[in-house]
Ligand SMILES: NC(=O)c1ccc[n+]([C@@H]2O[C@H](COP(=O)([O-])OP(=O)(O)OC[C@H]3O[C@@H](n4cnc5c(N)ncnc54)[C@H](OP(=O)(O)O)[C@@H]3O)[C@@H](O)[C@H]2O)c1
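This document opens with one chain alone, in structure tokens, the form predicted on its own.
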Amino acid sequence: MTEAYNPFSLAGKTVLVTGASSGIGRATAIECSRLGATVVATGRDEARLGETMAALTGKGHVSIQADLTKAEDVSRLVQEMPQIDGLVCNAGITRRRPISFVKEDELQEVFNTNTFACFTLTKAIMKARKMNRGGSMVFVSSMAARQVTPGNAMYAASKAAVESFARSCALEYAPMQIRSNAILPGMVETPMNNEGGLSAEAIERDKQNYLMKRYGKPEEIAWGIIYLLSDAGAWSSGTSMEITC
């Protein structure tokens, strides 16, 4: 009996997933493992990271607790991690506040986590030559980068920068046959929804703006990420994939 044909298989690939302790990051780590990848999961919360590790399929996965806003943690992560074939830069936070009331420390926190961490981690990985030739980078941006809403300027701007950074990586690392793309999800059912300052009633009203009258599920975003990590996405680089309805 021949092995089933699957261009989305990640067998033989090692994938680093940031923000793997919850939400889209956790779903991505789990789904990557189900498709045969060896997962390197990283996040700030060691206990929740352990829950992710317990849900992975297969063996050989690695957990490295790290805060990517801290230079010493980025350095340690890159030093301890194995060679990788895929990077999913997903870690992120949100803070909702009208522009006139934005606090500088909040703005710095959002950009440090959502944007600058992508820059510093990518730079460190590439300088250490930890990304294999033919690898794939996937940066989780957001539809908020294009469809702004009141009070969401900090998050929207930080994610727009991530989308642009993904295109820059595609250009600069193309000579190494390394691809880079951005994923732009609409609203997804994750713990981050509870951090956005929206009431349950406001969230239910917002769901009615979607064709399917619901938010996305984390695994539905993970499947898009997997397309870009896998050989199925071998001719996709410098693109932005919108996943919404």
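Keep in mind the model is a prediction, meaning the values are calculated, not measured. The numbering used is simple: start at 1 and walk along the sequence shown.
Note that the form predicted in complex with the ligand isn't included here; everything after this is about it.
Only one of 139-147, 165-173, 119-127, 97-105 lies within 4.5 Å of the ligand in the predicted complex by heavy atoms, and it is 139-147.
Of the candidates L229, A222, L16, A20, A20 is the one whose heavy atoms come within 4.5 Å of the ligand in the predicted complex; the others do not.
The contact with the ligand in the predicted complex, taken as any heavy atom within 4.5 Å, belongs to I93 out of A161, I93, V78, A153.
Highlighted residues R44, D67 and V188: every one comes within 4.5 Å of the ligand in the predicted complex, counting any heavy atom. Contact between V62 and the ligand in the predicted complex is not found at the 4.5 Å heavy atom cutoff. Not displayed here, the ligand is kept clear of I203 by more than 4.5 Å at the level of heavy atoms in the predicted complex.
Using a 4.5 Å cutoff between non-hydrogen atoms, L35 does not count as a contact of the ligand in the predicted complex. In the predicted complex, at least one heavy atom of T113 sits within 4.5 Å of the ligand. Heavy atoms closer than or equal to 4.5 Å to the ligand in the predicted complex belong, across 201-220, to no residue whatsoever.
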